[in-house]
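Only one chain is shown below, in structure tokens, and it's the form predicted on its own.
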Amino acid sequence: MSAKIFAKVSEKDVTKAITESFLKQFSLYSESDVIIVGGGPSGLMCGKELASKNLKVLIIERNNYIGGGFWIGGYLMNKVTVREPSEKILDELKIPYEKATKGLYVADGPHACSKLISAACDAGVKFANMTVFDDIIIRDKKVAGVVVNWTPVHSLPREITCVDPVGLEAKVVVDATGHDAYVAKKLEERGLIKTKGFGAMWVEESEDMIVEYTSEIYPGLVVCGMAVSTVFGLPRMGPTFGAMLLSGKKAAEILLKKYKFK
């Protein structure tokens, strides 16, 4: 037999380490300062900014991976573009990039995405992936949390889908769910807001407008990234990511300015 180089650990030790650590974290983050729904570039950027201020931030992501379309760019070609001045975010995150043309820069999607995820984790953001947003919690006319379930539950045959979701409380919720704007749509279902649906692609106009319109659309709910276009009826951006990063940053600034976190 070859010499053993790893510590003596059994299967049950591995299982206990995973379950105990996850359940401890999930319990701790059942009440957060901010819950961000959507782990794409705008949600990650927002989370990084907030967690760096020592806020308790949980990102909910329905997929088994974090990063959204930031990994793969446009048309399954894993290059991502950003327009000036958002290359400053790439500089901040130490993401290499090249100048494509005046005011336009291109970077490797996997490198950019992994750097942003790493920065969010380093700041203290925690994640619940394979976790689907199901509904909102509203108290005293203010969003006070989210209702979530395991993503696979929605793929089960209808007759066995009676798996109740659970609630997670937060002082503020951020909708970073892309064009679907899932959180905002739940408010719309209840007649509390009206969304307009996103418009046709117009890169030159859309990015400025998405950053401009990033805002709190209902007490306790801030919308950022592509969800902004759906809420306000703005043109879609297409495969350029600068506005998503700057929108996430602005969403964090809005929360830090308005809400008092302890």
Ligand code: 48H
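Everything numeric here is computed off the predicted structure, so don't read it as measured data. Numbers follow the displayed sequence, beginning with 1.
Keep in mind that the form predicted together with the named molecule is missing from the display, and what follows is about it.
Participant: Within 4.5 Å, heavy atoms only, one stretch in 189-197, 27-35, 218-226, 48-56 touches the named molecule in the model of the complex. Which?
Facilitator: Comparing against the named molecule in the model of the complex, the contact stretch is 218-226.
Participant: Would you check, heavy atoms only and a 4.5 Å threshold, whether Ile60 touches the named molecule in the model of the complex?
Facilitator: Ile60: contacts the named molecule in the model of the complex.
Participant: Heavy atoms within 4.5 Å of the named molecule in the model of the complex: does Val132 have any?
Facilitator: Output for Val132 is yes: heavy atoms within 4.5 Å of the named molecule.
Participant: Examine Val211 and determine whether its closest non-hydrogen atom to the named molecule in the model of the complex is within 4.5 angstroms.
Facilitator: Result no; Val211 lies far from the named molecule in the model of the complex.
Participant: Any chance Lys142 has a heavy atom within 4.5 Å of the named molecule in the model of the complex?
Facilitator: Lys142: no, not in contact with the named molecule in the model of the complex.
Participant: For the stretch 163-177, return the residues whose heavy atoms include at least one within 4.5 Å of the named molecule in the model of the complex, in the order they occur.
Facilitator: Those in contact are Ala176, Thr177.
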